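Before any questions on binding or motion, here is one chain by itself as structure tokens, the form predicted alone.
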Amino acid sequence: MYLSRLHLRNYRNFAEQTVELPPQGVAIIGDNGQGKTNLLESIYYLEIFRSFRGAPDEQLVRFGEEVFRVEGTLRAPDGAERTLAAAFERRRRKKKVTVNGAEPERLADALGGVGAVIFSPSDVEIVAGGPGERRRFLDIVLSLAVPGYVASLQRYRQALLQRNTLLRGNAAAALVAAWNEPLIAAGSRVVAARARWVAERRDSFAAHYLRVAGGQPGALSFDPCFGEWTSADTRPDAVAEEFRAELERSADREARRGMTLVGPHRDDLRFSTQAEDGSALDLRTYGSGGQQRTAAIAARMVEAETIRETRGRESVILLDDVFAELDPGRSQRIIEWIDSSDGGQVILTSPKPSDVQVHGHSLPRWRMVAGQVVPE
């Protein structure tokens, strides 16, 4: 299944645009500021129904307009089609998502419909940025791959909000403790899913990092707020038991600080490589720019692998000028990884035609000029 058609209305700098996309994909060439990234962002919006750049929906509406709409048609090898659409009305702050014209019972039911993975220069923040960037990466991957993860995460956040409100208001300890069990029930499922995913994918991450880095080792590990969860068979009930004990131990500190100090909202990921003395070198603190970008690319490759396995088909690979800050060796190894897949669709952007080497230079080339896609 591939993205065969994209229609945009009042999205970012696009007034009205319809593009028919070939199965192998397309290379979109254009100067900076013409809308190349906006186009990829609109495609990925149909995957997670929010901007991968973290922009609120209000900022996605074209200046002077009130509503944006993005619609994509996915086509299977047998010709069967499925249509995903998302619209947002600025004035009422209302979002509407449809699948084949019908609204899903829950927004989470429509997540992952495109099967897209986006590679962007901003991905380096997954490694170099704060823990929130890494939790966001985890949450998106698991929301797309693990049934029930979104619901558990939402319940956890709701319980956390209520509990923090009471703590900030110096509420009685009994009122705060009343939210412990809802927090534990949802949070233990979130932690267990994160621990399982990292345990299952760390070897794959190491292999991708080794390949992109040209022989240098890299490692991915889970750094939970509490406990040590390194096994693929991590059970929510075991996490819940430790979570409960940590909350009890932290009760006095939380009362003094006015916030919940224990839970998956303080989890982290660790990206590392091997130092000369054999010790682990944290890439966030000590890694070079090239090492950090390599780790981020390897993480995206693992994401693509996860989606391929859970969805049973190749991912739609979106490449947003990813070769600009990479040396030729790393760039070539990324291209080799893409070309070694089973022919999944690739949609890439670049200001330079020379960067277009994917699929043996066979991708059709389009120009992007002032928010208009022009096939060459």
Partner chain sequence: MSVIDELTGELARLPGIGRKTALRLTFHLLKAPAEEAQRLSRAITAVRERVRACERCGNLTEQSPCAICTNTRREHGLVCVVEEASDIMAIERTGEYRGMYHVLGGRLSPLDGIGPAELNVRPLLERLKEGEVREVVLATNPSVEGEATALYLHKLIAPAGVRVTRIARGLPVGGDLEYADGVTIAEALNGRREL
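Remember, predicted model here, so these are calculated numbers, not experimental data. Positions refer to the first chain, counted from 1.
Just so it is clear, the following notes concern the form predicted together with the partner chain, a form of the same protein that is not shown.
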Note: the partner chain not shown here; in the predicted bound form, the stretch from 254 to 262, 148 to 156, 269 to 277, 219 to 227 having heavy atoms within 4.5 Å of it is 148 to 156
Distance check, T165 to the partner chain in the predicted bound form, heavy atom within 4.5 Å = yes
Next item on the list: Check whether R93 has any heavy atom within 4.5 Å of a heavy atom of the partner chain in the predicted bound form, and answer yes or no.
Entry: no
Practice prompt. Tell me, yes or no, whether R106 is in contact with the partner chain in the predicted bound form, where a contact means a heavy atom of each within 4.5 Å.
Written response: yes
Tell me, yes or no, whether A238 is in contact with the partner chain in the predicted bound form, where a contact means a heavy atom of each within 4.5 Å.
no
Checking A76, A232, A102, L161 against the partner chain in the predicted bound form, the residue with a non-hydrogen atom inside 4.5 angstroms turns out to be L161
In this chain shown alone, the residue from G290, P182, P121, G112 with a heavy atom within 4.5 Å of the partner chain in the predicted bound form is P182
